[in-house]
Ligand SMILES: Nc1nc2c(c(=O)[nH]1)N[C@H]1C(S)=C(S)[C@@H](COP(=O)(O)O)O[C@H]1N2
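Encoded as structure tokens, the following chain is the form predicted on its own, with no partner shown.
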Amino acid sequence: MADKIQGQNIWSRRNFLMRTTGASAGLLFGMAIPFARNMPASFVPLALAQDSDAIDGKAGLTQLNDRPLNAETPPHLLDDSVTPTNRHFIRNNGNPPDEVDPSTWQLTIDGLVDKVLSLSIADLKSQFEVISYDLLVECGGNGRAFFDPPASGNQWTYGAVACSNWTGVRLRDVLNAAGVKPEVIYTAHEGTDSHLSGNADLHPVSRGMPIEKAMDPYNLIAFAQNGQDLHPMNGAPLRLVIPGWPGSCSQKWLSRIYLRDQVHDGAKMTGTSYRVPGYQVAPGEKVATEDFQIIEAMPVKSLITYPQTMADISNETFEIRGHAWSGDTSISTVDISYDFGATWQKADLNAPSNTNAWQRWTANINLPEKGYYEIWARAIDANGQSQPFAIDWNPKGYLNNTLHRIAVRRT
């Protein structure tokens, strides 16, 4: 992978460390690293993994791994109603592309269409209505770290979610311009990121969705985030944004969309990827591959963004706040408890800024005496689905929507 993408040096500290050993590498830490020579090529030291400066254009993210690069945002840094670009999580499946020049980028629409389209970003802007929406994107594995027994994959806690303002054109407008043949049932997406193996014949991820979902007016082919060009690690210069469904549907570095008369069978569409068993299973139980079902709409969920967990609270009464969201529908209620679920009080809940944005909630909590407390948040969506205290285990650790808990101390 190139050191620079769209003019941004995304690996400045990592490259410096990996190109040096011993005392010179230790300059980053203020001391020597006695066994620096033993560091694997794909290794990022823990001190750098926690360093907000390790990834240019990102602030405060916690890096989970670096090949591929994945990083999440601590909940207290997600307090903004619209997630700043520098706090939007990173989920990569392969190596980002070297060439991401917006002026030469091409998007192909083909497959079962009446007319194959080859569109530049300038074509998208001039031939289709340009719109902006606040749209929530969440990784299907958000919360995987809390499964017991552990599930394999990135050990996301709470921060593989964000709600930025995205600008682009409607996916359905572009598909309609190409002409959708009657036999189409599914889309398929490709990006220009490369497989970690280096095999040019393999895709790191190529997912799709039912054509009915593709025609949702809030799906975007996006070229801007929060009024600026996309960040390289968020898919610059072009990506899909498919809110409410697993973030893997929101193909980054988008170069091709093709329409099919079968469920797409691209990379991470088959087997157990982004799938859960069609029935309840016991923790650790082996499940036959044919019994897994594709994840579609994400479940109801909430997040406490203020105060930060383990905060010391000096006042008897204080404000807490956060966000709530649910797949293809809205939130009706957010409840708060500070007595381990014995009683609940309703939070004040804002309407979403637009369909498929998360909803802001606030509540004033009165802690009756000094001591340790847990504050729990529980969202209920418009279909009556509520966050559980615990969810059924699944082998890949997807869809963990257990209620969010933080600890505070009234001093």
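These figures come from a predicted structure and were not determined experimentally. Residues carry their position along the shown sequence, with the first being 1.
Note that the form predicted in complex with this ligand isn't included here; everything after this is about it.
- Not one of Pro75, Gly143 and Ser302 places a heavy atom within 4.5 Å of this ligand in the model of the complex.
- By the criterion of a heavy atom within 4.5 Å, Asp335 is excluded from the residues contacting this ligand in the model of the complex.
- A residue is said to contact a partner when one of its heavy atoms sits within 4.5 Å of a partner heavy atom; Leu119 fails this definition for this ligand in the model of the complex, lying far away.
- Remark: Ile90 counts among the residues lining this ligand in the model of the complex, judged by a heavy atom distance of 4.5 Å or less.
- Put simply, Asn165 is far from this ligand in the model of the complex: not one heavy atom of it is within 4.5 Å.
- Proximity to this ligand in the model of the complex, defined as a heavy atom within 4.5 Å, singles out one entry of Tyr133, Trp325, Tyr158, Tyr274, which is Tyr274.
- Interface residue among Val169, Ile257, Met209, Met233, judged by heavy atoms within 4.5 Å of this ligand in the model of the complex: Met233.
- Only one of 190 to 198, 145 to 153, 107 to 115, 310 to 318 lies within 4.5 Å of this ligand in the model of the complex by heavy atoms, and it is 190 to 198.
- Within 4.5 angstroms of this ligand in the model of the complex, the stretch 310 to 335 places no non-hydrogen atom at all.
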